[in-house]
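Next up: just one chain, as structure tokens, the form predicted on its own.
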Amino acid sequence: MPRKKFEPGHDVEHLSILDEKGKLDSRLEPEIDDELLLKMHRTMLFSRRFDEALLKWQRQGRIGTFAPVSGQEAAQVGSAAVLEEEDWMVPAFREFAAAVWRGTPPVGLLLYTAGYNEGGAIPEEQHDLPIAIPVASQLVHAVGIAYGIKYREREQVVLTYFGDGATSEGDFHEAMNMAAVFSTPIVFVCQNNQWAISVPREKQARSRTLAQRALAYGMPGIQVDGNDLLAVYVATQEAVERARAGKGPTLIECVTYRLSVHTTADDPGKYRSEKEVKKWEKRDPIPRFQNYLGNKNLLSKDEIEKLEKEIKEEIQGVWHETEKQMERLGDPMDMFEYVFHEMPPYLEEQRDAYAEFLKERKENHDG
């Protein structure tokens, strides 16, 4: 019998519309309302400055460990901006920019990083899941939501985020397979920031792209310049439309870069060069998009300066409000609440014993 060659059924493309030098491919430029363009820019800039403030506060010991988003704002805002209010967004642990776009109060994000679980609460009307720390664990949850949407014959879509390191986890492959088998309305957005903590992209996979992993599961995969907000927006728009039309999932690989630390417990200087970082700083998504808006006469240097001042004041306000809330929170007895609908006897015993301990300690201290 002769050998037969099988076609994978889908092609893998690379999409770039606005390159790092500001050159625009006008043939691919999407039609986006001016107001939406400016809102996306403001969200990216706010996220960068908020990220920088968080890092400062963490180094001062005011908050705990967190994962900075700097460098990946376009990949998050450009994709989240496509979603409708009724759609679902399922994040990993670095999606501050996407969360801000979706309406999560920055005070909540700050409270969460300060160690208050109350900050992880999602506003009731918001169709998002909270931060997921275990790598790739959120992907199976996202597929479950998408399956539920299809089962109930709703017109919603799920968009879930993860990093390049997550594609080496079993949960990623299980989620991709189940999403394709059941043709669920989900968009997988991989933020390939080149490093899975200290493991470089080339040591994670031998495939030329991460997007081509979609082919093994029978779904479309596309690689985009993740620092090009326009390219991310277009690719996500196509994927969301496909999912909403009942045509199943898509994998989008956003090629981007983590400009800061993996988390504040990390020292990237031990595993990557300053030369590499400088190279990617030239591809920074925010100045690139600002130049684009300037060329469209939508944003001037004076307006950027005014916006910078406005955002700085807003972030200070967020910190002051967070401090007020921290004063009202932090009762250690709260750890026994909100876990069970009906508290089991063993937990009641632990609660009562701990309450007695706190009472005795207070009496001794007052004495």
Partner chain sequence: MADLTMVEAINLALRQEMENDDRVLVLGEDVGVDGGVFRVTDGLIDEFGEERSIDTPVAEAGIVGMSIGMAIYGLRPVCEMQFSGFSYFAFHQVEGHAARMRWRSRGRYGIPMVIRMPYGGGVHALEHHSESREVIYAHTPGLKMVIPSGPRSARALLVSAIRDPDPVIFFESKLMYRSLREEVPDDEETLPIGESRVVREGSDLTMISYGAMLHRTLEAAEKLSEDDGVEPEVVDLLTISPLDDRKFTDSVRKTGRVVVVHEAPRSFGPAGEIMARINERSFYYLEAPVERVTGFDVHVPYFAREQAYLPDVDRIVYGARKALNA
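Because the structure is a prediction, the values reported are computed rather than measured. Residue numbers count along the first chain shown, from 1.
Separately, the form predicted together with its partner chain exists; it is not shown, and the next lines address it.
For the options W57, W319, F50, F336, the one in contact with its partner chain in the model of the complex, meaning a heavy atom within 4.5 Å, is F336. In summary, among the residues Y292, W280, Y147, Y116, the only one with a non-hydrogen atom within 4.5 Å of its partner chain in the model of the complex is Y116. Its partner chain in the model of the complex comes within 4.5 Å of a heavy atom belonging to D267. When its partner chain is considered in the model of the complex, A245 lies well away from it, no heavy atom lying within 4.5 Å. Taking the partner from the other structure, its partner chain in the model of the complex has a heavy atom within 4.5 Å of a heavy atom of I63. Taking non-hydrogen atoms only, D331 approaches its partner chain to within 4.5 angstroms in the model of the complex. In the model of the complex, no residue of the candidate spot (L36, M176 and F182) has a heavy atom lying within 4.5 Å of its partner chain. You can rule out all but one of 280-288, 74-82, 116-124, 234-242: in the model of the complex, only 116-124 has residues with a heavy atom within 4.5 Å of its partner chain.
Annotation for 127-160: interface residues with its partner chain in the model of the complex are I133, P134, V135, S137 [heavy atom within 4.5 Å].
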